[in-house]
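A single chain, nothing else alongside it, follows as structure tokens in the form predicted alone.
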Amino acid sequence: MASTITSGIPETLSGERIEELQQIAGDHMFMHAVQINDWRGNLRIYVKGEGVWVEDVHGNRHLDAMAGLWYKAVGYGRKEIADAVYAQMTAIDSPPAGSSTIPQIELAGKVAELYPDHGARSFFVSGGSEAVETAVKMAKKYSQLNGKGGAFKVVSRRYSYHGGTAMAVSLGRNPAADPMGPEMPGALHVTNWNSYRLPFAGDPVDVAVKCANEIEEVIVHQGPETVAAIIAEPISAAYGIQIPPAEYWQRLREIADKYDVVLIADEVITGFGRTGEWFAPTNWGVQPDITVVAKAITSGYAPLGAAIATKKIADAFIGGPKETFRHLITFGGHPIASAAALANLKIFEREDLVGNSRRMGTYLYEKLQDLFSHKIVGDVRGGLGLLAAVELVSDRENKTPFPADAGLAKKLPKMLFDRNMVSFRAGDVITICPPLSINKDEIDFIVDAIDGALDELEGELGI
């Protein structure tokens, strides 16, 4: 079907136009990581957003409890970001190769100002997967420049998610990542931290340290001279919002230092305020060597990511041809995206969104405790900024998951949607990651929606 191109967003759309859009999408679009048959003819199409709320083509308003795809930190409808993008686009949208623009330069300085190591240097890319690829390549090159010419191996944790590109998928060994082929040579996988189902018996802190020590065992077994990097999410979102004790990341730092291995923190989700600090390892007094960021750096208003290297790492690339980091992303750090990021970070500072994340995160975690009144709630995780999870089980005492045929991943999103809340990550684990601009009344709305959905679910399951 031929499409009708229109300029701007109309106040209302006719039923005929909505039907046309559904037809075009059903015939010609892929939706990321979703089966076509699950949405064909019934695609949710949104046209407006303000704060934590979005409005669809039918005029219905929903609270976005997942901040887009973990990224809408300052919320929807921020005109000043759009104005900054427009101003940059009409001045110079992109420079000649081998040169730069003011927003790119200013953003690098701003990131260094916010980062714990103020001597940091940023390599800007277009998104999280590219940032992970960049960080790993940087770690390997750094190792080679510092006497570890054979260092190509990377240690990661099982059930992590580090991106959708071929190399990034190799890290973590997440069954949901759909690798479609051999993994990257040198990808080594170890036990991940799980606070609800401890991977080993014992005190949680001791178990966390034991998980970290497994990384040391792998490095020793493989040979430290062959290992370039350790990569880990400070909080494993893909594994159900698993928040480790401070001792875990402190031990990772000790191991990396002991064996001269680059420690990479994948903060694509947690970076820029999500945990109540600009960067998550700050909560535990740890400084990674390279930090991977994306998503909240622009709040999703434009595609941007970065590998932020400490001065120690970055300085290794200063010298001659041999030291040059020969890595190139065509649209990495695009001036328009950089302008969006600068405007976005101004909002962060003006409205103290990092502080709001800390305060509202505590409030959210406290409110979620009320959900234990439901027999199917096994665990509530959170309390470190605006990132939380409610895990559902068929047997709380034994922490027994629901069988796949219970269909929670299809039922719960609809039940929440019917209560005017968007949460695409709702199943055995209901993930909550709202914009950092959220207030207490809106958090109450989220918890009430989950409470009502669980009532309905329990009724349907006969519990």
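Because the structure is a prediction, the values reported are computed rather than measured. All residue numbers refer to positions in the sequence shown, first residue = 1.
One more form of this protein exists, namely the form predicted in complex with a small molecule; it is left out here, but the text below deals with it.
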| query | finding |
| --- | --- |
| The single option of 157, 334, 153, 295 touching the small molecule in the predicted bound form, heavy atom within 4.5 Å | 295 |
| Candidate from 268, 229, 368, 120 lying within 4.5 Å of the small molecule in the predicted bound form - any heavy atom | 268 |
| Options 182-190, 320-328, 339-347, 268-276; stretch whose heavy atom lies within 4.5 Å of the small molecule in the predicted bound form | 268-276 |
| Partner contact for residue 233 in the predicted bound form: the small molecule, 4.5 angstroms, heavy atom | yes |
| Touches the small molecule in the predicted bound form: residue 288 (any heavy atom, 4.5 Å) | no |
| is_contact(residue 103, the small molecule) in the predicted bound form, heavy atom dist at most 4.5 Å | no |
| 4.5 Å heavy atom contact, residue 115 and the small molecule in the predicted bound form | no |
